[in-house]
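Before any questions on how it binds or moves, here is one chain, the form predicted alone, in structure tokens.
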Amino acid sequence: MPPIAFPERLYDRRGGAEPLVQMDELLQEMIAAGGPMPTEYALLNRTLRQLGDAVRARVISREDVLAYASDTTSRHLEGTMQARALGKKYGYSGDFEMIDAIYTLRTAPEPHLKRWDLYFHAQAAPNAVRNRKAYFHHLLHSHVAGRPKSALRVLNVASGPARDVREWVLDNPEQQVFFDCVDAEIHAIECAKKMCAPFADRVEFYHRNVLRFLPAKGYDLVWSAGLFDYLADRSFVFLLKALMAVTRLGGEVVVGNFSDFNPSRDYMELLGDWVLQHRTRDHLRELALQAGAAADSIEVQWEPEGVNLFLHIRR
């Protein structure tokens, strides 16, 4: 197996690059063995944390690590979830295809690649993404149970593949719940339309950038799970204010955001170039206040992993 092509400047300060050298030695062993086994996950995670600590201490640059990750992935791991993230097919790592692959626990058919995908899916962050689908379904149940017989109107912002919507409607065919789904990626809209084609009378799609346009309707529930942790604070406040404005009195806005507690962060950022705006519960509350929410209307909850936070604002 040919050695990794480390940048020349790393050889000039090999001591500073030692965490990356250790990571390479471990990855090369695992690649040669056909991928990591579950008993090796802790070792791989620990080595990633050490590499992340070195980047945070500026002992080695994130750019050098990403160059290494890109080279190793392209030579040995094409077709894996990690390669999907690095490839950024639609311009960013967490696109609708990636989210749907996480929802469905997709793995490569080749055994030596499948082990890497199983490692990927075992991480806290993918588990949190799957948990947020269940969180959305529970939220829908609670809104349906707590209202009279009138229809529930839901706005799903950055709706992606809309597998969560499809599964809800399939499991609850008798419920009068109607969805407006908005996404800026036309390929996501096309995929979601096919996914929800049997329910066209209950699910409508809009190809829009929500920072510029929102459907001019009143909603009982506004939900956005995978957008706000890509936004800087200023855009976060701007969009949250707009979502509150299209929510009926008595309704609720719920937005997801990755927490600053994310054990998968080094793996995501250093081997997948998947960078999010991680926020604390207090930070989310402060942004909600800046958007004009009343202090007593704000609540922050989380899914079982504690990785994905959910900001709730009652109207």
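Everything numeric in this text was worked out from a predicted model, so none of it was measured. In case it trips you up, residue 1 is the first one in the sequence shown, and so on.
What comes next is about the form predicted in complex with a small molecule, which does not appear here.
The candidate spot formed by Arg49, Lys88 and Leu270 lies out of contact with the small molecule in the model of the complex, as no residue has a heavy atom within 4.5 Å of it. Proximity of Tyr92 to the small molecule in the model of the complex: non-hydrogen atoms within 4.5 Å are present. None of the heavy atoms of Phe238 is located within 4.5 Å of the small molecule in the model of the complex. Using a 4.5 angstroms threshold between heavy atoms, Phe199 stays clear of the small molecule in the model of the complex. Using a 4.5 Å cutoff between non-hydrogen atoms, Arg84 does not count as a contact of the small molecule in the model of the complex.
With the partner omitted here, the residue from Leu152, Cys191, Val210, Ala122 that has a non-hydrogen atom within 4.5 angstroms of the small molecule in the model of the complex is Val210.
This chain is displayed without the small molecule, yet in the model of the complex the stretch 210-218 from 71-79, 240-248, 210-218, 105-113 comes within 4.5 Å of it by heavy atoms.
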